[in-house]
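Below you'll find only one chain, the form predicted alone, shown as structure tokens.
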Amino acid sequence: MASLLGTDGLPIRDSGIWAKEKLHYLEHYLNIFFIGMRKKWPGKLYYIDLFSGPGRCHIRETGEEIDGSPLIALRFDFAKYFFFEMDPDCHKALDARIKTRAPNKNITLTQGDCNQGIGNIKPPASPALGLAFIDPTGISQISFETIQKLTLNRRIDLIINFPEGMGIRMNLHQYTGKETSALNTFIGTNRWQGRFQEALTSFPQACHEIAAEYLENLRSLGYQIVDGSQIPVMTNQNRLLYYLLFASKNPKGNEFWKKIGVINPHGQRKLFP
């Protein structure tokens, strides 16, 4: 639940500086995706945000207030938008901000669990091209089965918060001894557990195996993922929080993603293999 109020008097999400970095990459990808695809897919581009939040963020380190992922997406002229938010107060805040920012856009805002409501997403008339931003605050909030349902027989690119540092490495001890766990539901399989019990000797190695298994499961859905293209999001102490993981069924999407990752939010150039 968002406990702070923004300058508009509505609830706002209290976030660390890393949220600004994550949203930087999202906005830049939306820009290159929309410009690159709008002529090829006129009136057929759509956007999905499974964990929308209240629409605005307060960056605690700087005190600044910035748009969250749904309001950033509304800067672009997608044919349809699908937003999900479970918290009632955040849902109401986002609804009010949408009515102010984009009263005439085709937006479906759902209050509730995206895992239960995923079947209600109705893209523009086929063929259509979608982009889904999947940014849960915990691994228990999203199942791999939901991603399977979302992507079945659809052309849709994925930007996923893969919480290797924050959600997996810090809590791996909770999952290693359990036959079923939130981690297995998130990953979609539990092969990593057998390898961990038989051969793996360290948590970093186990985390590497878990990430590899997740990518393998996405590939089983028809996604092409470029090794090394994941963008790390770090704390102020340079500790890994999570990766922004990109998946597309078309090489063009991976080409776009590589471009936005070349320069980070601080203007530093990155080198990709």
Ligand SMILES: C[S@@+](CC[C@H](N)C(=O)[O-])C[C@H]1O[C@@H](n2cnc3c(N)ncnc32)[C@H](O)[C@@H]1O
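One rule holds for the numbers: they count along the sequence shown, beginning at 1. Computed from a predicted structure; not experimentally measured.
Form predicted in complex with the named molecule: not shown, discussed below.
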- Message: If the cut-off is 4.5 angstroms on heavy atoms, which of these, Gln148, Gln141, Ser181, Asn190, is the one near the named molecule in the predicted bound form?
- Response: Gln141
- Task: Consider Glu85 of the chain shown here, and say whether it contacts the named molecule in the predicted bound form, taking contact as heavy atoms within 4.5 Å.
- Result: yes
- Message: If we define contact as a non-hydrogen atom of the residue within 4.5 angstroms of the partner, is Asp113 a contact of the named molecule in the predicted bound form?
- Response: yes
- Query: How about Ile260: is it within 4.5 Å of the named molecule in the predicted bound form, going by heavy atoms?
  - Reply: no
- Task: Give a yes/no on whether Ile12 approaches the named molecule to within 4.5 Å in the predicted bound form, heavy atoms considered.
- Result: no
- Go through 31 to 39, 243 to 251, 210 to 218, 44 to 52 and give me the stretch that gets within 4.5 Å of the named molecule in the predicted bound form, heavy atoms only. 44 to 52
